[in-house]
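There is one chain below, alone, in structure tokens, taken in the form predicted on its own.
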């Protein structure tokens, strides 16, 4: 028995010629598969591949239509026709998947082969830390390696911690309105115990630490401080570091040894340290300390003004009155302290001639000091 069946195309219009012929027990699908492979070979992108898949395997696709038409065949022809249609369907699916992988591989190869002129791309500027921040971090690292804890405190401070507990009396010139920023001025002619100031040094951190902790104490305090001053070497806001050591039996010899180790580690070479007698109300005895010029080795240069020495800051043994104000027995414990400007150290490290350059906010200045 010979039967002929005609099927619609993918778009629903009648096919111009029969695409399946049922002859005896078999169905000839060679023409359909050949046409599919020809269209597949001409597909160059994923969009075209998707359209081809819909045309042959979609709900109204040509292969799908053949499967749906099996019911119109004689019962003895359906099994053989179904097997052949399924074989063609699997072949179409496998070849579509292989073509998709091939197209993806080609796209990847084109992307890898693409050449750009990197010289035409403007390089992005890299950020950097401000020289004061760089110096502060270097100081923290050196003193951390020497066994000091890093402490901090508030910028707005009680006058008691900023002055009184440091043995700076009511008539001391440092408390004058011309030198100190008072956040809460004293009422009337008397001085309020709880008046507030912008801290003039980081020494209040030492007071807070000695009030909160029992000896032994070994700390450095780094931070911003404020004074009424403004010229090429001074700023109303600047940065300071202070160190404190409190324990039984510590002496000026320990202080000098610590400063000697510090300047050597910070500048990367052995440098001498010397003391010059001086007065500070919170230490007794007190001394200015200098270091041997790291740029000329003490032979004299423009940085040290041909003296061979650079002044760093003040130091001395903690005054017994400071210990008493903090509740530490001065008969049992001794201690030493030192302090110097971080800004000055930054100027020395980076050869900056004018302090005001570090506060102008000019990005061109910061770009000169990459990390």
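What you see is a predicted model, and the numbers here were worked out from it, not measured in a lab. Positions refer to the first chain, counted from 1.
Beyond what is shown, the protein has a form predicted together with a small molecule; the following relates to that form.
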Determine which one of 65 to 73, 45 to 53, 303 to 311, 338 to 346 lies within 4.5 Å of the small molecule in the predicted complex, judging by heavy atom distances; exactly one does. 338 to 346
Do residue 283 and the small molecule share at least one heavy atom pair within 4.5 Å in the predicted complex? yes
Heavy atom of residue 201 within 4.5 Å of the small molecule in the predicted complex: yes
With the cut-off set at 4.5 Å between non-hydrogen atoms, does residue 290 touch the small molecule in the predicted complex? no
Could you tell me if residue 240 has a non-hydrogen atom within 4.5 Å of the small molecule in the predicted complex? yes
Can we say 206, 227 and 315 each have a non-hydrogen atom within 4.5 Å of the small molecule in the predicted complex? yes
